[in-house]
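The chain below stands alone and is given in structure tokens; this is the form predicted alone.
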Amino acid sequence: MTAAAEVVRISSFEHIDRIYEAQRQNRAAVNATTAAQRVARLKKFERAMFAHRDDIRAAMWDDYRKPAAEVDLSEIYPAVSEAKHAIRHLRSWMRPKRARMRMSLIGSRSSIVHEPKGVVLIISPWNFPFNLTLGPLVSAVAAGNCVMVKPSELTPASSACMKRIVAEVFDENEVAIIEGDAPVAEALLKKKFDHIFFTGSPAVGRIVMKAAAEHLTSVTLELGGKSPVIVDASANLDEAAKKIAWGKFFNCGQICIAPDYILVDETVRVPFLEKLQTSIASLGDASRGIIVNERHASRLERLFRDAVQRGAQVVTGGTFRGREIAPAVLTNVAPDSAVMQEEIFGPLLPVLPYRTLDEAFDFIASKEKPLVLYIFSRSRRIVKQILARTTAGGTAINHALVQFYQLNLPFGGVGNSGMGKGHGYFGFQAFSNARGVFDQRTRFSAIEMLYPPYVGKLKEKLIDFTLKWL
């Protein structure tokens, strides 16, 4: 490391220390903000997003040639939707919730109060930098926290743009964007935060969780994995092919909730593959994005070559020109090939036939629990059976990706694909402490009749009555 680089490194770490201490000093004031004050901040943030719409588009083009329409739909819209949703519902979320009284505690009243956790850290990924950074930020601000945000170093133009937007809306002692690479993330993880919200790979999620354990810090981990698709014999194959093609190859497959592989009933495998090819072709240039960097492009080519060497057949695609990869569909893929072991996170789509649903269930169960399970079927009986026999962070039936936009549903994984939930009220909860408040409203409480000493027939009868009826 050169002397100049060492100075930059030390300077950036001092910057972290300064902002962290400023937020610790300011957290009581921020935690005490009213619903009206938080709503005002979120409205200002919403206006800033629209004011910088062209800047956001330009940043995403610089980072990895993302088309303007996709930026609007997959970056700006989700973040603005989170803000609008929170603005609409925040007063209700913050209002104490009455808890039902138990007969054994007659004379009391109980409620649940959501209070801010304090100073929180958000570490976000590169694939949807604005969406997956600013969405959680809205939840953290709605919950009344001070926030330090570490976006990915792989999308530097987007990180710089977000920093400018956030600086216009918030003082850095309330919200601050911290740019930098892995050492910066490591420095942040050494701090004692009140909550960490991480979006990324399971491998890095383990590092985050280990660091959080040092301070007994709570975490929300939005990870990934291999999200399967089941296409049964009753499915509308035209609709299934169109929606799967769009869901898989949107953003060049660089989506944590993208369909990772397809399990299709063998009786409809051939017509489904034909329709899938047609659907991919109809996407045109929209399916031909660019991979974020050379390293990820090389990883995808390795997965593809390994599958072909093990006997996989290429139905369509499979051309590699640097960071440009044509959408590829593979059949006859060996279950032990790398493409079936690793999360693909790119425009490669294995299609495997199954003879019975039990066979499909066994295959899914042999892998880690997925972030999403997609089902394409017109049989409600089969859908119900699939839901009962599988586990996933979430499920979409007869569609792909759009469940992400439903802010009234919890979004998150299970097991290896994550823990904790985000979006809407669930995001507000993630950054809040649900504080139970018990209030004895009368001078006498029934429980006092059970105080010691435990002698006498009356006391025995009261205990027996309590055990049996209350």
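Bear in mind that the values here come from a model prediction, so they are computed numbers and not experimental data. Numbering starts at 1 and runs along the sequence shown.
Unshown form predicted in complex with nicotinamide-adenine-dinucleotide (NAD); subsequent notes refer to it.
Novice: So which of 377, 220, 152, 279 gets a non-hydrogen atom within 4.5 Å of nicotinamide-adenine-dinucleotide (NAD) in the model of the complex?
Specialist: Here the answer is residue option 152.
Novice: With nicotinamide-adenine-dinucleotide (NAD) left out of view, choose which of 363, 126, 320, 246 has a non-hydrogen atom within 4.5 angstroms of it in the model of the complex.
Specialist: Of the candidates 363, 126, 320, 246, 126 is the one lying within 4.5 Å of nicotinamide-adenine-dinucleotide (NAD) in the model of the complex.
Novice: State yes or no: in the model of the complex, is some non-hydrogen atom of residue 370 no more than 4.5 angstroms from a non-hydrogen atom of nicotinamide-adenine-dinucleotide (NAD)?
Specialist: No, no contact at 4.5 Å.
Novice: Any of the heavy atoms of residue 224 lying within 4.5 Å of nicotinamide-adenine-dinucleotide (NAD) in the model of the complex?
Specialist: The answer is yes: residue 224 has a heavy atom within 4.5 Å of nicotinamide-adenine-dinucleotide (NAD).
Novice: With a 4.5 Å heavy atom cut-off, would you call residue 411 a contact of nicotinamide-adenine-dinucleotide (NAD) in the model of the complex?
Specialist: Answer yes; at least one heavy atom of residue 411 falls within 4.5 Å of nicotinamide-adenine-dinucleotide (NAD) in the model of the complex.
Novice: Answer with yes or no whether residue 173 is in contact with nicotinamide-adenine-dinucleotide (NAD) in the model of the complex, where contact means some heavy atom within 4.5 Å.
Specialist: Output for residue 173 is no: heavy atoms all beyond 4.5 Å of nicotinamide-adenine-dinucleotide (NAD).
Novice: Thinking of nicotinamide-adenine-dinucleotide (NAD) in the model of the complex, which stretch from 78-86, 152-160, 389-397, 353-361 has heavy atoms inside 4.5 Å of it?
Specialist: Stretch 152-160 is the one.
Novice: Pick out the residues of 181-206 whose heavy atoms come within 4.5 Å of nicotinamide-adenine-dinucleotide (NAD) in the model of the complex.
Specialist: In sequence order, 181, 182, 185, 186, 189, 198, 199, 200, 201, 202, 204 come within 4.5 Å of the partner.
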